[in-house]
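The chain below stands alone, shown as structure tokens; this is the form predicted on its own.
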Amino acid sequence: MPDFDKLRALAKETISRDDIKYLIGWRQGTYGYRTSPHFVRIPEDADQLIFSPLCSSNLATYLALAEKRPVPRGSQPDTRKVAILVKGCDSRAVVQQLVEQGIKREAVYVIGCPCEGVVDLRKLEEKYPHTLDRVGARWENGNVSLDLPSGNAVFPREEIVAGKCLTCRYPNPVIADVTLGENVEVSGSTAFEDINRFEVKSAQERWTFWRDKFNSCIRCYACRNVCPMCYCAECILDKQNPAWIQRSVNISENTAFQLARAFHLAGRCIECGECERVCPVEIPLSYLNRKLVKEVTEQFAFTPGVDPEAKPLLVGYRPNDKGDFIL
């Protein structure tokens, strides 16, 4: 568990550097279990920074979406770095953005935060609904300890963390200029048990499952907007001429939207689970994404977001790639 004093001292030291524009981290939210992204521009702002099991959001989303304002005549562009706190999955997003040249390495300063798993707010709200007072959280000896209005509560990690954390293979940052705290034990695997259980169902059973899920989709685009790998300036799914996806909210268009987005993430998804976390109708989007992760892993022995020097999957070529699936 990172010491808040050390975190804030490191942040103040970082933001005081001449080559740092601002730092992106987390702070306590306005109520309950919520946390919020926090942009630190002056050392005093660092006093609000936290890192705890409640810090779910992937801050790497902001790197590729940074506003690029026109430079006034006679002025020079601001080329200072953006500092960012990253968990393991967040750091994979940073690496994949670097691989795809969405960002430049010299433009970012990465502070790694080894992570033992973030809380699934839906699980927590089932246990303690309608909690408005601010809640603190910390990792303790493989458990998650919560400071609730009613007192302290301790839960086994497996009972309260998000599903993505139970399968996470990279809890420690894969890229960092400086790391906060010690590395944590890796407990995830590449067995894909969750996907294997789904694959044994018949085609009709799988379609019935997804038809019900896609029927509930309201096309709010929260999954796309929160995804650190959906950073195109203009999304192809928004285009009206030609119109790839109609604006109608129905099973046909919803299915086309969700499948198109999943395939756009093939060989790019870093399994941060943000799309599933923010979905207001609780569509299990990780099944779609992890199915493609499994195929990419098995067919191409490729894992996105772990090697800054790697080529993107679809632009790389290796003569020894398996070809059994090619007709």
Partner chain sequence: MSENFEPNVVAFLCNWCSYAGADLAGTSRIEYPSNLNVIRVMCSGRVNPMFVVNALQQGADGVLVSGCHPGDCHYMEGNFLARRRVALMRELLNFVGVDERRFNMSWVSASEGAKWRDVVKGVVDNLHEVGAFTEFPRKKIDW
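We call the rigid core the largest set of C-alpha positions that still match within 1.5 Å between the two forms. This structure is a prediction, so every number in the text was calculated from the model and none was measured. Positions refer to the first chain, counted from 1.
From this point on, the text means the form predicted in complex with its partner chain, which you will not see here.
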{"item": "Residue among 189, 183, 150, 250 with a heavy atom within 4.5 Å of its partner chain in the model of the complex", "value": "250"}
{"item": "4.5 Å heavy atom contact, residue 17 and its partner chain in the model of the complex", "value": "no"}
{"item": "Residue 321 within 4.5 Å of its partner chain in the model of the complex, heavy atoms", "value": "yes"}
{"item": "Exercise: residue 80 in contact with its partner chain in the model of the complex, heavy atom 4.5 Å", "value": "no"}
{"item": "Its partner chain contact in the model of the complex: residue 256, any heavy atom under 4.5 Å", "value": "yes"}
{"item": "Listed range touching its partner chain, judged in the model of the complex by heavy atoms within 4.5 Å, from 136 to 144, 200 to 208, 173 to 181, 154 to 162", "value": "200 to 208"}
{"item": "Three-residue site 4, 50 and 167 fully in contact with its partner chain in the model of the complex at 4.5 Å by heavy atom", "value": "no"}
{"item": "In the model of the complex, residues of 282 to 299 near its partner chain [heavy atom within 4.5 Å]", "value": "287, 288, 291, 292, 295, 296, 299"}
{"item": "Core superposition between the shown form and the other one, C-alpha change of residue 316 at least 2 Å", "value": "yes"}
